[in-house]
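Form predicted on its own, single chain, as structure tokens, below.
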């Protein structure tokens, strides 16, 4: 059999493209190294009946009606709106920084006007913004930098903000209102039956063949196909010809507890204390009622599965070498976070896959 498309990777990028292709009558073989579909958004129900997100918290959010409408064909959504608390030792406050955050931090009332005045008085005038530390100091000053960004960045990325490109913290999340939601997008939620169920429906088509626990390189010579959509690491595709692209990885530590709730919020960040960056309690996402709960600690690390491309100029330059090789291929096309060496949200992965499909099939 000759497949119209060989798609490497069964996450949002690959699954979206597969569905669009088969909606046009194309035949698709989709391959993934892992033993499940869904990429990093994969979730499952444990023996206690609790939803677990295997690769840390995933909350879908988008301002794109096209993306939302596309995915809504395959899932209904709950009304979950994400909020993040930050543990500062003796206080827990909301992030993004907003009036509620400021009032709890400084034990005083704020209006939008005097909050702006307060932050303006704390800003440090930096003529040439050269790194992420400069960005934060120039926007909110040293105190909030130390509270929220300095040590969290070191834990998350392995380097302090002054060693990261300015783009990492280019847009400091500050709101001069009382909106404590983490995302401002119009459309937000979690699939009622879980992300994995969404993927199962996306890939439920007679023209889609799914092959898991498989490295495409092991079977590539046995497969006949017209075009390949590659969503894996671009440097791996080219056998690391110019060297490996650096990533941050994560160790996830799960704990099952015999209590209804462990914490008051779905996600609590720990920027300054402990080795982990955050604790997630998944019950909050799915509005589950259960006498037990499960929590997840995240420990960033330098090796392991690639999660976060490290945004430094030398890494970008290395990626561009691989991109030039990719651009010279006739029947292989790259999309997704790993293929583009860019941290993108789930909705952007879907949008990029839709755009690539329309480009190739228009």
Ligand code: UDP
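Positions refer to the first chain, counted from 1. Bear in mind the structure is a predicted one, so any value in this text is a computation, not a measurement.
There is also a form predicted in complex with this ligand; it is not shown, and the following applies to it.
Participant: Quick check: do 148, 152 and 156 each get a heavy atom within 4.5 Å of this ligand in the predicted complex?
Facilitator: Judged in the predicted complex, 148, 152 and 156 all sit within 4.5 Å of this ligand.
Participant: Tell me which stretch of 162-170, 253-261, 105-113, 122-130 has a heavy atom within 4.5 angstroms of this ligand in the predicted complex.
Facilitator: Answer to the contact question: 162-170.
Participant: With the cut-off set at 4.5 Å between non-hydrogen atoms, does residue 98 touch this ligand in the predicted complex?
Facilitator: Outside the cut-off, so no.
Participant: Closest heavy atom of residue 175 to this ligand in the predicted complex, within 4.5 Å or not?
Facilitator: Contact check for residue 175: no, nothing within 4.5 Å of this ligand in the predicted complex.
Participant: With a 4.5 Å heavy atom cut-off, would you call residue 266 a contact of this ligand in the predicted complex?
Facilitator: Residue 266 lies outside the contact set for this ligand.
Participant: Quick one: is residue 86 in contact with this ligand in the predicted complex, heavy atoms, 4.5 Å cut-off?
Facilitator: Residue-level check for residue 86: yes, a contact with this ligand.
Participant: Which of 283, 227, 278, 201 has a heavy atom within 4.5 Å of this ligand in the predicted complex?
Facilitator: After the contact test, the surviving option is 278.
Participant: Could you work out which of 247, 187, 182, 80 is the residue within 4.5 angstroms of this ligand in the predicted complex, going by heavy atoms?
Facilitator: The residue from 247, 187, 182, 80 that makes the contact is 182.
Participant: Relative to this ligand in the predicted complex, which residues of 301-327 have a heavy atom no more than 4.5 Å away?
Facilitator: The one in contact is 308.
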